Structures are given as structure tokens and as C-alpha cells.
Ligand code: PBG
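One chain comes next, on its own, written out as C-alpha cells in the form predicted on its own.
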Amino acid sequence: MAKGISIVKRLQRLRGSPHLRNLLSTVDFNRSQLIQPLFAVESVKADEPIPGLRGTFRQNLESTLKQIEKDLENGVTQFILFNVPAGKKKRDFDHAFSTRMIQSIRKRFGSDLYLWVDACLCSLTESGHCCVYHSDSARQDLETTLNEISSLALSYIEAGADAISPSDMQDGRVAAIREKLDGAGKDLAPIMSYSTKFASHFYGPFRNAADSAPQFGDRNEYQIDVRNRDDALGSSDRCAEEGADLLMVKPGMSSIDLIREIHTRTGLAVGAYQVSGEYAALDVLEEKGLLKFEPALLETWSVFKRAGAQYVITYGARYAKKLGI
């Protein structure tokens, strides 16, 4: 836990918006419990389809705004934004593109939507890793990493994001973000932590979309070994203790056995991320004539809810209205 932080469980963080109240309703399954990812990419001039991610594109600022308009018409109200700036650095990251993107969304749509923003360094770093390294080695510089991530989170909230979603899996990052937000008077901004995130082989399409593939090694040093159940549960326990308001498992389907237990242990709402490889599998199977995409997508959401997921991050949220949700 970050030095000097005092965790106060602020239940009011999750009551202040009708979008959040719908997300956390425990008596029904509604469209507000599906969160649609967006990829805002500074360097693209026209929409770039993402292989395997049906209906999802790498988009510039104006295209992202137009996409949100369409999604709102289709009943989507919850979005998670992944910003991909053009320039990459080793540290001292530039937040200008991301904050401009967030400000533009808030100015255009106001309270019509709820905007989560992913707070990770992998799209910003030259290494493609979710952390800063010491300049003289390939050893993680945890203190600098936490400073960079928490500063990133604060800049997003100040720009108009509703909430922060840290995905890096670095030790202590939830506490560092909570301390930074609270110290700036942003104590009612929720944190939805990627609390149990495995070092999975199912992230390929996302890494193409976010330009975040590691340039050396892998992420096994800070993401969870898929064989380690105790670590998976302990990681969510840690995030709850550090002040996270909501928790998440990723990948969703291969973490299905953990969702209800994490909720029971922590008392927090637990969501599932239907990751890019899981979603893309449905697309490829339909392409091969082996299933029908839309009913299969609806089936997966039903399984997540049956397993205890309070919400689902899915690239197909924009199809929910068509599917009767």
C-alpha cells in the first residue's frame, strides 16, 4: 500500500450516477451492464478495422465521436476508452492526446454516457510493457511506474473521465491512484481494477489495436500465471484492500470459476472482460460456418452472468439492443 494512504470505503462513489446505479443493479440484466471498448488512435487518418474484432476500429478523434453517437443510438451508455498516442517514450509521458480525447467526448455528450478510461502505460512506452524500467537494465522501476500511472489517472479524471480502470497489474497501483485522486479532491472518482488478470494467449487482437505488444520478453513477471489460483484470488484481495471500488477478471471465460468466489471474499462487484481473443473466436467460427455469431455472443454473456459477473466488458456491447437486451 502506498505510504501514508488511509483507505476509506466510499460506497457513495457507486451511487452518484444513474449509469452506475444501472451497472450495479442486482435484480436484472440490462444494457448498462455491458461496457463497450473504444480505441482512439492519434496517428490514424481513417477507420482501421481490427482483425477479429467485428464492428470495432482504430479511430481518430472525430471518428471516435461519430462512433459514440451511433453506439448511443443503439443503447450503449457505458464505454471504456483506450488511448493510443502517436509518440512513445521511456518515461515522462505526454497526456495531451488522451486528455484532448476525453475532453472532446465530455463536451459533445455530457452525461449521456459513462466514461471509463484504461490507465496503463503499454501504449505509451517504447518497450510496449506496462511499466517503466530502470535506465541501466531491464529491471522494473516500480516507484516511477506508480508515479506515472497515478499521474495518468489524475489527468484523465481532470479531463472529464468518470472513472479509472488500471490494467497494468503492478504492485500497489490501486493504492497509488487512490491516494493521487483523493489528494486532488477527486475522492468520488471510482476505480474499476483489472484485479485478476492472467498472462494469457488471448490478447492478440487487442495488442494490435492498442499498439501495445511487448518489444522484448513477455508480461509473465507482473501478470498472473494461469495455473495459479491462489495468486489469482490474492490479487483481487489486494486490490480490494487498496481501495478499488469494482474488480474484474480477465480473460473472462478462462476465469469463470473465480468470479463468484472473488465477490464472496471481497464483497465488491466483479466484472468479466470478454477479451479480444475470446470475442474474435466467435467471429472466426461464424466465418467457417460453425456457429451463428449473434446468438453465440448472447450465450457467452448469459454464462458470465450465471457465473456471477456484475458487468461485462465486450466488443459486442453495441449489438445488445438488437439482441433484445
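Worth saying up front: this structure is predicted, and the values here are computed from it rather than measured. Note that residue numbering begins at 1 and tracks the sequence as displayed.
Note that the form predicted in complex with the named molecule isn't included here; everything after this is about it.
Only one of Phe97, Tyr133, Phe109, Phe202 comes within 4.5 Å of the named molecule in the predicted bound form through a heavy atom, and that residue is Phe202.
With the partner removed from view, the residue among Asn83, Thr145, Ser255, Ser167 that has a non-hydrogen atom within 4.5 Å of the named molecule in the predicted bound form turns out to be Ser167. Taking the partner from the other structure, the named molecule in the predicted bound form has no heavy atom within 4.5 Å of any heavy atom of Leu282.
Residue contact with the named molecule in the predicted bound form: Gln223 places a heavy atom within 4.5 Å of it. Taking the partner from elsewhere, Tyr194 is found to have a heavy atom lying within 4.5 Å of the named molecule in the predicted bound form. In the predicted bound form, no heavy atom of Ala232 sits within 4.5 Å of the named molecule. Between 224-232, 100-108, 119-127, 184-192, the stretch whose residues reach within 4.5 angstroms of the named molecule in the predicted bound form through a non-hydrogen atom is 119-127. Contact annotation for the candidate site: Arg10, Leu20 and Tyr114 all lie away from the named molecule in the predicted bound form (no heavy atom within 4.5 Å). Along 259-283, a non-hydrogen atom within 4.5 Å of the named molecule in the predicted bound form is carried by Tyr273, Val275, Ser276, in order along the sequence.
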